[in-house]
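Just one chain is shown here, as structure tokens, and it is the form predicted alone.
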Amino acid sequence: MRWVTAVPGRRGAFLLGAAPLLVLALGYVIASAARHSGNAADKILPLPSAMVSAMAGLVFEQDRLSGQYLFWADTLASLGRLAAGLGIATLSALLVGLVLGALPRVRATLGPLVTAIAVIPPIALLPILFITFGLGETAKVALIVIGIAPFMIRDLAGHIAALPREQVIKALTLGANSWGVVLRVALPQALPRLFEGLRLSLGPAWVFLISAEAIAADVGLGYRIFLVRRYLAMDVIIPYVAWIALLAVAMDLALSRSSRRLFGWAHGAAR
């Protein structure tokens, strides 16, 4: 058996994937214990017990000022903003990308504009968004949309434009018009690609969300991380970062499984 052909089963893949995480966790515990053996007040690498104690107050105890359970309030606020941004960006990518990819004249007209927007660093637009939309939810959602929608549009349009020309000719021969080709030929093959583009956009979307929350928010995962950093509260920051990673992984798995279930034909043998 060769390394390039050795495909692990589900159990083997799970064990292989879990091994680096366990090594990382073990390494952290050892490093944390070593630092605390020399300085019991060390805040850089808090012990797991300290993180559990700090998070228990945020998860299970109501805040005296707001009456909220801060951890869950932060999570719901961030997920709401993220869902709105991803939803708008996905719908925009589907509509605009479909038209750009399927209609050459539209692609020639609007393609350069989409490219120009895509190469602008979204974080650079954050002051403009706050000035235009204020410090409320609109600016935060807009940053996510502007940050990921152009990439998704370009990716989807390129995928559709690269479809075999024979498919278009056959559809036209069978009596379809231009919009019939868009809806019957391009759209079904665009949807699996849209799911993949959304999966690839999850990481940048989280970056833009945390950046916006760090600058102008009073609740959210990013807000809480940047609020407690001034106190060197690593016992809160590390669990919050781990929670964000867990949420991102769960979203990625959900999108992957949904794509395979809805569009199994597009995944072939990998299904």
Partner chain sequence: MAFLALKNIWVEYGEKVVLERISLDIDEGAFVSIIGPSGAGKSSLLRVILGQEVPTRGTISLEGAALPAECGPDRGVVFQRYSVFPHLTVLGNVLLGLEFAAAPFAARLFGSARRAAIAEAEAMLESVGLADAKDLYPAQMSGGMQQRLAIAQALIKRPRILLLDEPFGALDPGIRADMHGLITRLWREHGLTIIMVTHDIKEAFGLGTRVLTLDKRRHDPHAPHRYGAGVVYDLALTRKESAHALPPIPAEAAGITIDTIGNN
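Numbering follows the first chain given and starts at 1. Note that the structure is predicted; figures quoted are calculated from it, not measured.
There is another form of this protein, the form predicted together with the partner chain, and it is not shown here; the text below is about that form.
Counting any heavy atom within 4.5 Å as contact, can you tell me which stretch out of 146-154, 82-90, 107-115, 186-194 lines the partner chain in the predicted bound form?
Stretch with heavy atoms near the partner: 186-194.
Identify which of Ala73, Ala176, Ile120, Leu200 has a heavy atom within 4.5 Å of the partner chain in the predicted bound form; exactly one of them does.
Spelling it out, the residue with a heavy atom inside the cut-off is Ala176.
Does the partner chain get within 4.5 angstroms of any non-hydrogen atom of Thr138 in the predicted bound form?
Thr138 lies outside the contact set for the partner chain.
Hey, in the predicted bound form, does Pro164 get a heavy atom within 4.5 angstroms of the partner chain?
Pro164 belongs to the contact set for the partner chain.
Whether Gly180 contacts the partner chain in the predicted bound form should be assessed with a 4.5 Å heavy atom distance threshold; does it?
Residue-level check for Gly180: yes, a contact with the partner chain.
Spell out, yes or no, whether the shortest heavy atom distance between Leu125 and the partner chain in the predicted bound form is within 4.5 Å.
Taking the distances in the predicted bound form, the answer for Leu125 is no, it never comes within 4.5 Å of the partner chain.
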